[in-house]
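In C-alpha cells, one chain follows: the form predicted on its own.
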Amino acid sequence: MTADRNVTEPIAEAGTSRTVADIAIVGGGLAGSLAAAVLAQAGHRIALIDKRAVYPDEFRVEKIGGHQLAMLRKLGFLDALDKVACRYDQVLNIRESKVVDVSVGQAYGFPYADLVAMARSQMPDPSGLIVDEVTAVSCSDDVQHLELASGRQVTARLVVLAAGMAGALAYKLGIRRRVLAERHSVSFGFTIVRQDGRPFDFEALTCYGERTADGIDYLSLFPVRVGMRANLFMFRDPTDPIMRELRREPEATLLRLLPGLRPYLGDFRVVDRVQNWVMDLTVVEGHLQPGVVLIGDAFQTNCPAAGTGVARLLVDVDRLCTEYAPRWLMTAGMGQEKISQFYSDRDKIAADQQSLKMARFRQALTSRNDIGWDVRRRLHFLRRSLTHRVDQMHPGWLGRVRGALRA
C-alpha cells in the first residue's frame, strides 16, 4: 500500500519512457499544484503534468481571505503563502462616495503565478513535475494510461483532471460541459500606483457600483508587490463598447463608471496591461467514470464576483487528497463506486451549490432594477454598515473616513 513507501516521486522505469505513479494530475495551475503537494507530502507517488515549467502570470485568483485562510492553514500552506504575498487587514468599503463599512480580517494579495509557484514549491521532490502535454488517456477500473506529446507514457492508478476549462482531454473521455449561464460576468484586472509615487491612504478598498444600468458589482483594490491591484467585476454584455474603453483608457473610464472613487485615488495611473476574462457558468456531465476525477474549474466554473472559486477549489483538494484518494489507494481497483464517493461528499456538494447560489445573487443584486431588489440592495448595505463598525479602522484612516461620513 502507498502508506508503506518512503518515496514521493514517480518512478521512471529503467530503459523505457514510462513513468509509474499512484496518481497522475493533469493541469499544474492552483488546483493541480495544491493537490500534488498535499498528496506528495503524504507519501504518495505523484506525477503532476503541465506543459509549463513556470506558470505564466495569468489573470485568475489574486486574493485570499476569510475562511479560505483557515482551509489553507489546515492543508499546511499558510506559512508559505505569507512569504510570497502581501498581507492586509482592513478593507474600506464605499458606495456613492460614502463609506459603507470597514471589513476587518486577515487577507493576502498576490500575482496568480506566485501562488502556483508557492504550491509547487511545497512538493517534496520537484521531479514530480513533468513538463509535457497529455494527448490521450485511457481509463479503466484498475490502471490508467496517459500518452504525452513527447512520446512519454505515464501509468497511474488514478487520474485527476485539474486543467480548468481547457477540457480537450475530458472531451475525449466523453465528459461534456453544460452551460448554465453564457457570458455570465466580465472581470478586469490591472495594477495602479499614485502619480506622485506615494502609497494610497488605505490598505485595501472596495467600491460598489452606483447604478443598476451600469452593471458594475464592485471594484476591489488590494496590495501586491508592485502597487495596488484592481479587480473590477461586471455583469454586462462583453461586446459593449465600454469593455474596449476600459482596456484603452482605464483611468478615465474607471472614474467615469465609479465617480465616487476620485477622492480616494487622487491622481493615479495603470502600470501594466489591462486583462479581462469573460466567464460562463458551467457544470460537467458524464464525469462519473472509473479511474478519473475532476476538481476545481474542471468540474464547475464560478462567478469571480462571488468570490467562491478558491473556497470550492480548496474543498475539492481537501476532500479528495486528505480523505478519498488515500483511502482508495489502500485497496485494489479504481471503479465508479470509489469515484462516486468524492462527488457525493456533503462538503463538496455544499460548496458547489453555494457557489452557484452566490453567482446568481451577485448578478441580481447588481443588475435587477425592480422594486423588490431595490429594497434588498438597501437592506444589504444597511446590514453591512451595522455589522462592521467604522471605528475599528486603523487610526491613520479614521479622520478621513469620518469626514467622508459627514459629507
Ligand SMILES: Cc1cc2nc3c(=O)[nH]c(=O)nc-3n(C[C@H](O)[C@H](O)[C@H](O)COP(=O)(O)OP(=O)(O)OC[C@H]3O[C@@H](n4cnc5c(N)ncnc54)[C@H](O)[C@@H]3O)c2cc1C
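Predicted model, so just to flag it, every value in this text is computed and none were measured. Counting begins at 1, following the sequence as shown.
Below, we turn to the form predicted in complex with the ligand, even though it does not appear here.
With the partner omitted here, the residue from 164, 124, 260, 238 that has a non-hydrogen atom within 4.5 angstroms of the ligand in the predicted complex is 164. Only one segment in the set 129-137, 100-108, 266-274, 331-339 has any non-hydrogen atom within 4.5 angstroms of the ligand in the predicted complex, and it is 129-137. Annotation: in the predicted complex, residues 38, 77 and 327 none come within 4.5 Å of the ligand through any heavy atom. The shortest heavy atom separation between residue 217 and the ligand in the predicted complex exceeds 4.5 Å. Using a 4.5 angstroms limit between non-hydrogen atoms, residue 212 is distant from the ligand in the predicted complex.
Interface membership of residue 112, defined by any non-hydrogen atom within 4.5 Å of the ligand in the predicted complex, is confirmed. The ligand in the predicted complex comes within 4.5 Å of no heavy atom belonging to residue 377. Along 186-208, a single residue, 187, places a heavy atom within 4.5 Å of the ligand in the predicted complex.
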